[in-house]
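Just the one chain here, laid out as structure tokens, in the form predicted alone.
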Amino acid sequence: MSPLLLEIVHHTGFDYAEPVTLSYNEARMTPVSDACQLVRRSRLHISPSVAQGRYLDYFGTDVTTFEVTEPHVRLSVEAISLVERRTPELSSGSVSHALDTRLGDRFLEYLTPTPRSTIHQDVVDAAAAGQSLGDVHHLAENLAEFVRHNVRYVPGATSVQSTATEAWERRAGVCQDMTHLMVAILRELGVPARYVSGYLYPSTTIEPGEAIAGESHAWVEYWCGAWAGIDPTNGLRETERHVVVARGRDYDDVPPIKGIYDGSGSTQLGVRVEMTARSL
């Protein structure tokens, strides 16, 4: 597939019940540049207008920091990015590469269950039943299909705080839940796995210049001698339509915006993502 150039506008924020006098925040809304993805430009518009700082976190995510020291009843953050994206090449990989005992220290954080990515052993046994342990890619594809078959995509069935176990017990969830569930199973089988957050251009028909409603999305990367991406929600491998923003152990490492503030309760503004294919 030829590269895909995407302009992404992502808007989010909070309304406060009463004026907030002070808030400290981090935004993970800037896509990463790597072998398959080039960020041509990216900027954040924050209201109220404030100074911004930046750093790369432990997992390689570009983080924007800012503090608001004037009274405000709304915090609005809009990220605008232009990203050139290619379909990742799938390297050969055997399960032996994934299960190499020497990886225990190197990928300890991607092998250790977290509260969000913990699952009962009987679920792992059911997912692994009859699986061939020759090809880790084949294993990952079968596990993604297992998750899709057993957990229906139902917006509102879970909350942003839900865990893999809760999604499994409800047999329903969204991309975040399906990703947590697959990550949990892979880790229990000894395969390093990490949570990926970003965007998915939802149409396979690319119309340059046409703005469409995009999606904040989550999928899985697993180790096979290199990292490989797979999307259990949609039953496909990572494509040029997937744009990576953040990686981590689970959702708690990658929320688009988080912080602390001095004031009363808040309500999220909601998330709006608009994606436009541009000519290369």
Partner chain sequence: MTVAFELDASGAWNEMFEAPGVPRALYRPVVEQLSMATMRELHQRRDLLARTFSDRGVTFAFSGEERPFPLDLLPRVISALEWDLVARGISQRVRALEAFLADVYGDGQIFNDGLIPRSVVLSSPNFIRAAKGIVPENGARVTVSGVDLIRDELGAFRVLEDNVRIPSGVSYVIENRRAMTQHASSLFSEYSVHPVDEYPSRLLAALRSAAPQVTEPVVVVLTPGVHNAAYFEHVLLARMMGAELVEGSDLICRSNKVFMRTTHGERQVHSIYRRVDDEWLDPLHFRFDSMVGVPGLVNAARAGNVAIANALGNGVADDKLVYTYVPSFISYYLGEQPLLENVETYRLEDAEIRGEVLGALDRYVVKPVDGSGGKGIVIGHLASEEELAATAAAIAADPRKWIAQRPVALSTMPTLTESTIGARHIDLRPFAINDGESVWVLPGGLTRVALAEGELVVNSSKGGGSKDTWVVDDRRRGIPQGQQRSEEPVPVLVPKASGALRQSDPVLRAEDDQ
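Numbering follows the first chain given and starts at 1. These figures come from a predicted structure and were not determined experimentally.
Keep in mind the form predicted together with the partner chain is missing from the figure; the text below concerns it.
- For the candidate set V154, V73, L108, A126, a heavy atom within 4.5 Å of the partner chain in the predicted complex is found for exactly one residue, namely L108.
- This chain is displayed without the partner chain, yet in the predicted complex the stretch 63-71 from 240-248, 41-49, 227-235, 63-71 comes within 4.5 Å of it by heavy atoms.
- Contact annotation for 239-263: residues with any non-hydrogen atom within 4.5 angstroms of the partner chain in the predicted complex are R249, K258, G259, I260, listed in sequence order.
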